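Have a look below at one chain only, the form predicted alone, in structure tokens format.
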């Protein structure tokens, strides 16, 4: 009798333990669970949260951080960090707007912005791999360079007068294909490209290898400096894409356009499971991390909390995400060790 009554309880407990273990070991499942929890709390406290128009706006507003976080994830996987990503976005938006004001065609303006993003990425790569500067210092210096250039160039006055209907479509919120806006399609394309690179190419494997162990990757014949520089070029291009969308979404480009976006990009990437120590991260995690961040900010706005508190909340979420990430890494290591030792 006792056997028939206790076995299902043990099975249920085992299933619960396994589910909890999976959430801790797999960061993507963890952030998905966190997102669902925030949505449930928000829907219970404020039913307007589940209003389709609110969810649609939430998704649209998360796209900029989402694209930046995808680029940041590649850098974090390779063992670096890019503090210049927000300012690079602003600089690229300024280049696109200014070249339009000079009368260049839209396609030329977009290519100029992408080239600027790639050049900033190359600059970061050279500072780190050639001058030997730590990633934190090099990208912080680049943040200062890019911000200073934009302020001197614009004299602190927002760039205006560049908008044309085609440019507005790139950044606009008007549905283009069914309910999908062009920025949504662009974000999807970026996700597919970067997800494909990380999951199916030698370059992606090298990003993970360099982030896990630079010495080990070097001994395996990987050109570590080149791989690290390429990660920053990816980040610069992602910032350029985000900058183009921002310039198309607004009718002006202020010099402080990118302020605070680097923190949001890092937070979204880390919430999505990217490790600050390198060698770990997913593009899907960055996407879910950006949506989680946007859902949290949306909840704060709906509750009526002043916007100045948003940075405190984002900072707190970043701390919790880093701690959860460390816990997940420790548990994953123990699981791998247990499997290696066998039953």
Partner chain sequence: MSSTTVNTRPGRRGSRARLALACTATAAALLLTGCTTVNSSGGGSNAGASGGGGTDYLPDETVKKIVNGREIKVGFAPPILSEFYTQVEKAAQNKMKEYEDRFGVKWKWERQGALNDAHSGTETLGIVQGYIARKFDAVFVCSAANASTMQALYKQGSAKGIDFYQFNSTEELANPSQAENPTGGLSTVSNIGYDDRWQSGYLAGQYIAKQLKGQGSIIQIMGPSGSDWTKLRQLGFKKAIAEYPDMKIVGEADGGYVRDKGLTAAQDLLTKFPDVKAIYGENEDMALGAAQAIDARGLKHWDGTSGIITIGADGLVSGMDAIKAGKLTATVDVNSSEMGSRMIETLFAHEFLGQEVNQFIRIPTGVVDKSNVDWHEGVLKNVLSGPGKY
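Residue numbers count along the first chain shown, from 1. Quantities reported herein were computed from a predicted structural model and do not represent experimental measurements.
Note that the form predicted in complex with the partner chain isn't included here; everything after this is about it.
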{"query": "Listed residue (104, 180, 131, 157) with a non-hydrogen atom within 4.5 angstroms of the partner chain in the model of the complex", "finding": "157"}
{"query": "Any non-hydrogen atom of residue 249 within 4.5 angstroms of the partner chain in the model of the complex", "finding": "yes"}
{"query": "Any non-hydrogen atom of residue 256 within 4.5 angstroms of the partner chain in the model of the complex", "finding": "yes"}
{"query": "4.5 Å heavy atom contact, residue 54 and the partner chain in the model of the complex", "finding": "yes"}
{"query": "Residue 277, heavy atom within 4.5 angstroms of the partner chain in the model of the complex", "finding": "no"}
{"query": "The partner chain in the model of the complex reached by all of 48, 261 and 298, non-hydrogen atom within 4.5 Å", "finding": "yes"}
{"query": "The partner chain in the model of the complex: contacting segment from 93 to 101, 111 to 119, 158 to 166, 68 to 76, heavy atom within 4.5 Å", "finding": "158 to 166"}
